[in-house]
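Before any questions on binding or motion, here is one chain by itself as structure tokens, the form predicted alone.
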């Protein structure tokens, strides 16, 4: 029997207004979701053209979860989004052309042509770049929350991980410390039901991963990750609770990875019926229908948004392709701390 609370869907425009969003905000979220998917769709094309080095990862099916959580974050909050969370970067303000530049290893990408093509973040926007060793970023997110507590700052840290990563020890250690210290952090589990090719019934024995939160001393919530408004509402509640000293929350956002683990994986191991069922719950189509039924989205508005996104992304690719490759002589810039950095105590 599940222990965690199961979130209800958002039923009306009135309910979402109470959660702090107006119609303009909703249209902005819809546009951001279109941009997020459009970036990754065009990334596939760039990869097939040989313009993206390495492999290529997407978060198709996870747009509602990433955009919903990021929209709920405050301007001074910080987060550690992963490779399925492109919508977080877009929502926080990373320009699409810089994301394409990152994909192609160009100097104008967030990491200036260093590291992997999805290992990116703009620290000026409160984002910390991921590493491949998941969920190694959770202790980092907890460290940020601990710093906020020590400094008495009203800021919240958000840490992302997948259901497969939940089996690792650093996930347990991060949640244990956060629970003991009642730190201002929200844990977001993107449960897309496949840890590469391993299904959830071979990953964990509890009914929901959010059930584990109670053992760490805080609340667990399960939300439909294809419902952007339900995700936003639950993330907003959890973030503001943490900001007011109420401690952590774990939100399990249930989705399906609608493509393979990466571009080299055709996901042959996922039952066809499963893909077909979750395709009916496409987060963008679901939100478009909600906006038509509850926020009077018109054909003209929809066409205008789609056209603006198409132009934005076309211009973004052109600009990114004009970005130079990094100068090899700058290889170590921004990688190692300088003597001047070390002269400043880290606690100041």
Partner chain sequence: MAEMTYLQAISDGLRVEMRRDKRVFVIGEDVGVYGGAFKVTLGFQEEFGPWRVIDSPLSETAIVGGCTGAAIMGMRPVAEMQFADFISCAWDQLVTVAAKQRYRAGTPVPIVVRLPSGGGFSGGPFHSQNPESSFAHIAGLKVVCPATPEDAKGLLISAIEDPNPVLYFEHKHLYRRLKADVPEERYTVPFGKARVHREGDDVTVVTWGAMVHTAGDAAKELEADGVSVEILDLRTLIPWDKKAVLESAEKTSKVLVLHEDTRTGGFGGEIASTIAEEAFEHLDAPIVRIAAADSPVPFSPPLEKAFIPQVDDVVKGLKELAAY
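These figures come from a predicted structure and were not determined experimentally. Here the rigid core means the biggest group of C-alpha atoms that line up within 1.5 Å when the two forms are laid on top of each other. Numbering follows the first chain given and starts at 1.
Here the subject shifts to the form predicted in complex with the partner chain, a form of this protein not shown in this document.
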Contact of residue 137 with the partner chain in the model of the complex (heavy atom, 4.5 Å): yes
Considering non-hydrogen atoms and a 4.5 Å limit, does the partner chain approach residue 334 in the model of the complex? yes
Give a yes or no for residue 205: in the model of the complex, does one of its heavy atoms lie within 4.5 Å of a heavy atom belonging to the partner chain? no
Considering only heavy atoms, tell me if residue 144 and the partner chain come within 4.5 Å of each other in the model of the complex. yes
Residue among 270, 177, 258, 94 with a heavy atom within 4.5 Å of the partner chain in the model of the complex: 177
Can you work out which of 128, 104, 195, 263 has a heavy atom no more than 4.5 Å from the partner chain in the model of the complex? 128
Candidate site 55, 98 and 286: all three near the partner chain in the model of the complex by heavy atom within 4.5 Å: no
At 4.5 Å between heavy atoms, only one of the stretches 217-225, 195-203, 272-280, 115-123 reaches the partner chain in the model of the complex; which one is it? 115-123
Looking in the model of the complex, the residues of 27-48 with a heavy atom no more than 4.5 Å from the partner chain, listed in order, are none
Residue 333: Cα shift of 2 Å or greater between this form and the one not shown (core-aligned): yes
